[in-house]
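The chain below stands alone and is given in structure tokens; this is the form predicted alone.
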């Protein structure tokens, strides 16, 4: 059973993303929303964790609207991150068997 994990807290303030990635299985998807989208930027202290997760087959997405809302549109994002819009968010929820929120 595949799981969509949504993370909404910044990895620089909480350990939600780290905890999430530590339990994700290879068929999991992780969606960064709200303040967690800062983790999608290149060259941060969590970039290696995200790269290791994607190397294991975990798919990582970021909500484009939250990137824009935080003024990060012009910043370089990691190549491993796929941007989605709200329709993409809904699609991810329907493509996975369950959703796990990390607060």
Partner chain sequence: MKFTIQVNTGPYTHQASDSAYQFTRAAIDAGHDIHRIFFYHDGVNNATEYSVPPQDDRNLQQLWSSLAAEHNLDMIVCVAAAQRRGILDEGESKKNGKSGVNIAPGFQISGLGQLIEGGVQSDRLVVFGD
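Numbering follows the first chain given and starts at 1. These numbers were taken from a predicted model, which means no experiment stands behind them.
The same protein has a further form, the form predicted in complex with its partner chain, not shown here; the description that follows concerns it.
*Asks:* Taking the shortest heavy atom distance, is residue 93 within 4.5 Å of its partner chain in the predicted bound form?
*Replies:* Within the cut-off, so yes.
*Asks:* Consider residue 51 of the chain shown here, and say whether it contacts its partner chain in the predicted bound form, taking contact as heavy atoms within 4.5 Å.
*Replies:* Close contact is absent here: in the predicted bound form, residue 51 is far from its partner chain, nothing within 4.5 Å, heavy atoms only.
*Asks:* Within 4.5 Å of its partner chain in the predicted bound form, which residues of 59-78 have a heavy atom? Give them in sequence order, or say none.
*Replies:* The stretch 59-78, when checked against its partner chain in the predicted bound form, contributes 66, 70 at the 4.5 Å heavy-atom cut-off.
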